[in-house]
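First comes one chain, alone, set out as structure tokens in the form predicted on its own.
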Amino acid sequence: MSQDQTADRTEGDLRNTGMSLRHDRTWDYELDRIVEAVEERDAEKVGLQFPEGLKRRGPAVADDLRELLPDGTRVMISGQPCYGACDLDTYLMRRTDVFVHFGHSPMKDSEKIIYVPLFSNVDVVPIMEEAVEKLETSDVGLVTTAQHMNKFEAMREWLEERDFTVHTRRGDDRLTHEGQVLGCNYASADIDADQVLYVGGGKFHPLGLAMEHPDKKVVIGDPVNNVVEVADTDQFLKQRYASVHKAMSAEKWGVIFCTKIGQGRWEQANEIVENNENAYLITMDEVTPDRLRNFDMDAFVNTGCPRITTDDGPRFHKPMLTPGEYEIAVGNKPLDELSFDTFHGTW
């Protein structure tokens, strides 16, 4: 997930993905499961990590846990930015006996980490009733985000009851559930249908879906913001083409390797550096415009989270490209091969 979000952003974190704070009272933080893990492991230190839109709930959850845990159990809250299951606070995780990650489904099984997905309680039926009017045939793919996976089977059944043939698949190892999409992975949409219904908040996921699968019509049913529309990639493509053109004259390249546990593409970053004597490998955990401003580079290549490029790209003082866009900028690939950057595998 993107690592340079500001308070007024409408996408990129959980504030507009079905997990607005108005739903706090109905969420299940699975405190009993956390307490059970603490007792089983005779744990003395518990770490809690929340996504950006839920950090303000951290102290209340910690208080609730303290009332249930044995006396002397220490509860600590991560202040590190968190935009996905790949964005773990490994420093805190190494220093606690039980580490709890709220808001995302697991990207990889781990005995150390307890994942609490915090499903949304937003009713998806009204938006689906409106969204199906934009579908052209009775064959449709169905995808959603982790926050709405608790209603995925109900969505499928709702469509089938209305004579739709619903196509779904799990995707690859980075995806926990059938029909789930991430901001960096849309393998669940590799289905035999010319149109896909995305039920979820925000525009970034369906935009990436439409870019990754340009042969499919992507209908957005956003139950959080009560919006139905068809994903349009034109504006996004113009932005990306403009960045690539600016970078074509670059002489010095900064190649970013993100040290976050689930976002590193070490081999890809090194391959770019090895094949370009004017490219320099730069490692960092948080990739932000301020941090890169001090580097005297003409352009950058981001091998970390794709959303750093696609969401925050315009904020950087020099062009920030994906690895695929870099290949176009240096002349290794034609411009018409521009595509969305996706992430496969775990860590």
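Remember, it's a predicted structure, so these values are computed and weren't measured experimentally. We number the residues from 1 along the sequence you see.
From this point on, the text means the form predicted in complex with another copy of the chain, which you will not see here.
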item	value
Another copy of the chain: the contacting residue among L69, M320, I34, M297 in the model of the complex [heavy atom, 4.5 Å]	M297
Contact label in the model of the complex: V75 to another copy of the chain, heavy atom within 4.5 Å	yes
R41, heavy atom within 4.5 angstroms of another copy of the chain in the model of the complex	no
Interface membership of P59, another copy of the chain in the model of the complex, 4.5 Å heavy atom rule	yes
Touches another copy of the chain in the model of the complex: D285 (any heavy atom, 4.5 Å)	yes
Contact at E161, K333 and F340 by another copy of the chain in the model of the complex, all three, heavy atom at most 4.5 Å	no
Partner-facing stretch of 264-272, 223-231, 148-156, 163-171, counted where any non-hydrogen atom is within 4.5 angstroms of another copy of the chain in the model of the complex	264-272
Residues of 73-96 having any heavy atom within 4.5 Å of another copy of the chain in the model of the complex, listed in sequence order	R74, V75, M76, I77, S78, G79, Q80, P81, D89, Y91, L92
